[in-house]
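A lone chain, given as structure tokens: the form predicted alone.
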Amino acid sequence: MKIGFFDSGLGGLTILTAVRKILPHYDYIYFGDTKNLPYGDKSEEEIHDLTYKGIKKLFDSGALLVIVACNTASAESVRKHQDEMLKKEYPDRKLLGVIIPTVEALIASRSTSAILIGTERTVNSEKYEIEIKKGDTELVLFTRATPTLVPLIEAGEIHGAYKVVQSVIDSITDYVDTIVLGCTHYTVLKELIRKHNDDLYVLSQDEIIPHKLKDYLYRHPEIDDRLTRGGNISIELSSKTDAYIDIQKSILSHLV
């Protein structure tokens, strides 16, 4: 059986690419709901429904473990689908999000003050704040919603997206020591951000999730033993355009 990745678009491919670099032997399947992106401006009910359909598609295609590589969906839907979908329909499968591993990495960094940059739904959910309060930390978290970033990145406008992020950073840089890129799409901006903000620590989920997944599989041999090891990748998008195909090829080129 396979490791599945679900995202609202192409951002999760950066996570898949990073995971496969340290865990190359497993079989992977990816579904990006490009037809309905972005999720950040949708209602809670819409996000639940779209996330359910995407996860179901991956499970029905042979995924044993699905990682919801979308912060908006992780914030709004992962716990709900763990409690309902898995118990009722897929009791032998596993579903993981990206927010808890990111909060764990943030706390481990010993940051004292950080800014989370994310979609409106991720920021408004306060999921990061909720998880931080569970940890033994006095970390102060600021949040900023950046609704224009996902459309810009999906359109390949990386420098335009970076300018948006940099304006946010400039507005709060005196108050924080860490930047949390709270959307898997934003991983493509990390090097530009680091280049121009060398005094700030940048947390990017493509550098967090691979090691967290490796540790999870080590701690759960009952899952690991059921995963097939053919080194195969299957990718499906709910809507394909020439631009999406070009971006997909660019991201996956880093696998070789």
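All of these numbers come straight from a predicted model, not from anything done at the bench. Residue numbers run from 1 along the displayed sequence.
Just so it is clear, the following notes concern the form predicted in complex with D-glutamic acid, a form of the same protein that is not shown.
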| field | Segment that reaches D-glutamic acid in the predicted complex - one of 57-65, 190-198, 214-222, 34-42, heavy atoms within 4.5 Å | value | 34-42
| said: Although the partner isn't part of this model, could you tell me whether Val150 comes within 4.5 Å of D-glutamic acid in the predicted complex, counting any heavy atom of the residue? | reply: yes
| message | Can you tell me if Ala69 lies within 4.5 angstroms of D-glutamic acid in the predicted complex, counting non-hydrogen atoms only? | response | yes
| query | Quick one: does Val180 come within 4.5 Å of D-glutamic acid in the predicted complex, counting heavy atoms only? | reply | no
| Mind listing which residues of 98-128 have a heavy atom within 4.5 Å of D-glutamic acid in the predicted complex? | Thr119, Thr122
